[in-house]
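Presented below, as structure tokens, is a lone chain in the form predicted alone.
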């Protein structure tokens, strides 16, 4: 089994309900990476909005200069995150059809994860591995 990170587009197999086994986590690192990147992108957008709002409320020219500088840094950060996401195939802002396909995969994956029994009654692996003391 390969432990390479897969993009969300590559997650095609149905999820196995036995998620405690490492082999059933195939594709999850790529899914987690894309999810964390999207959350980071949303946080950057929120920061831009908040700084722009703050800029309209400040009278002091020195404080305005600081907020303007922070706003420019936040815009640059947003650009870096979105460029990285586009390069990895996690974000298609200029191709609505591709983004829609990606959103459908994400929605189906979310539904599959929601259907997992996250707290099964028996999580024991006793007997699965070589256990000479038992």
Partner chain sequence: MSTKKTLAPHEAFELHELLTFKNVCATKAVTMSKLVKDDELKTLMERDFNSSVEQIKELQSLLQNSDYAVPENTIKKSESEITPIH
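Numbering follows the first chain given and starts at 1. Note that the structure is a prediction, hence the values are computed from the model and not measured.
One more form of this protein should be noted, the form predicted in complex with its partner chain, which is absent from this view; the next part is about it.
Using a 4.5 Å cutoff between non-hydrogen atoms, residue 63 counts as a contact of its partner chain in the model of the complex. Among heavy atoms of residue 36, some come within 4.5 Å of its partner chain in the model of the complex. Residue 106 falls outside the set of residues with a heavy atom inside 4.5 Å of its partner chain in the model of the complex. Proximity of residue 92 to its partner chain in the model of the complex falls outside the 4.5 Å heavy atom cutoff.
Contact with its partner chain in the model of the complex, defined as a heavy atom within 4.5 Å, is made by none of 86, 102 and 113.
Although its partner chain is not shown here, in the model of the complex the stretch 69-89 places heavy atoms of 70, 73, 74, 77, 80, 81, 84, 87, 88 within 4.5 Å of it, in sequence order.
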